[in-house]
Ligand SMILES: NC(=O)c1ccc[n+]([C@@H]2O[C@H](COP(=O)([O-])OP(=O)(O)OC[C@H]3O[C@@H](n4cnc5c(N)ncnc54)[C@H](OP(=O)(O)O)[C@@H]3O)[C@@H](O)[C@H]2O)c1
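So this first bit is one chain, no partners, the form predicted alone, shown in structure tokens.
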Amino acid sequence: MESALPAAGFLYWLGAGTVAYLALRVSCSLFTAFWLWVVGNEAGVSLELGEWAVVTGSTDGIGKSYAEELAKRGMKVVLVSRSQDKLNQVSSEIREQFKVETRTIAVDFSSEDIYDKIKTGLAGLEIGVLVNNVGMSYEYPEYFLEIPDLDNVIKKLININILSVCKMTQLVLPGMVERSKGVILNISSASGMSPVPLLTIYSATKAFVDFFSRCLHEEYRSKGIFVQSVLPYYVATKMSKIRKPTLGKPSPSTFVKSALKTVGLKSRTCGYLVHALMASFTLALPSWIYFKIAMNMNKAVRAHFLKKNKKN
């Protein structure tokens, strides 16, 4: 009987210690979540970084919202996108609404010979923020070998989703390093966190953006540069073909306001609380379950698109 008492005491303190540890972990997680998603870091992006912000793919969706939010903070904005007409329209809207200077550079990021023109357009500017947002996905989920015009799609996805991030960073980063401050926001995708079958090339290119961003952040954070990988789930944009925002599929404006609060706090973020919860659930799934769900979902989308296209 006496020998059982020390054992019982040990088990009691082991259990109490475990409960205390778990309670501390939960408390820390809740505090971190509150600080990140409620309080945020409004000062993470400001004029102190530099006069100008550069945003690629800036005439629609997430890119346009980043340009507007940065202009709201007093930054002058360089809009870089394909259509000069759309650039002129967005440029005019931003100037009128936020009373800041804007510039436009019209280039097609599917081409490789555009970066001398961009370099000339950025010459002499004190660039504090670069948003590498321009991107391209599939028209619909498809098996790799059955992608229409596969050679061209491979080239476009690599040039737009990968080459643009590397080359724009190469152009802007030296000035940031020279001034020992700057922020680079690379828009990846939740498709870059886990492989997505039937979106194979897109998913792989977004994984590159994520890895590139994380490596670059480690290389240059000691020099005052903050590089963030942004990995959203669906946002109500033209590219996602979602017209009506919901809680899980926010408007670009809602998403960007949330994501900007995480700058300086998290170098890798889903940018939006609901998306962060979705990512936690997805990453907790066994890989075979995740692949089964992803494959079946994209097969259903593919079938719906092909059926609808066949009728037309």
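One-based numbering along the sequence shown. As the structure is a computational prediction, the values presented were derived from the model and not from experiment.
Below: the form predicted in complex with the ligand, not depicted.
**Prompt:** Given that the ligand is left out here, which of 91, 169, 203, 237 has a heavy atom within 4.5 Å of it in the model of the complex?
**Reply:** Checking each option against the ligand in the model of the complex, the one that comes within 4.5 Å is 237.
**Item:** Contacting member of 77, 227, 187, 129, with respect to the ligand in the model of the complex [4.5 Å, heavy atom]
**Value:** So the residue touching the ligand in the model of the complex, by this definition, is 187.
**Request:** Tell me, yes or no, whether residue 134 is in contact with the ligand in the model of the complex, where a contact means a heavy atom of each within 4.5 Å.
**Result:** Flag for residue 134 set to yes.
**Message:** Just checking whether residue 271 would be counted as a contact of the ligand in the model of the complex - the rule being heavy atoms within 4.5 angstroms.
**Reply:** No, residue 271 sits far enough from the ligand in the model of the complex that none of its heavy atoms falls within 4.5 Å.
**Message:** Although the partner isn't part of this model, could you tell me whether residue 61 comes within 4.5 Å of the ligand in the model of the complex, counting any heavy atom of the residue?
**Reply:** Close contact exists here: in the model of the complex, residue 61 approaches the ligand to within 4.5 Å, heavy atoms only.
**Item:** the ligand contact at residue 72 in the model of the complex, heavy atom, 4.5 Å
**Value:** It does not: once the ligand is placed as it appears in the model of the complex, residue 72 has no heavy atom within 4.5 Å of it.
**Message:** For the interface check, one of 61-69, 278-286, 42-50, 258-266 should have non-hydrogen atoms within 4.5 Å of the ligand in the model of the complex; which one?
**Reply:** In the other structure, the partner sits against 61-69.
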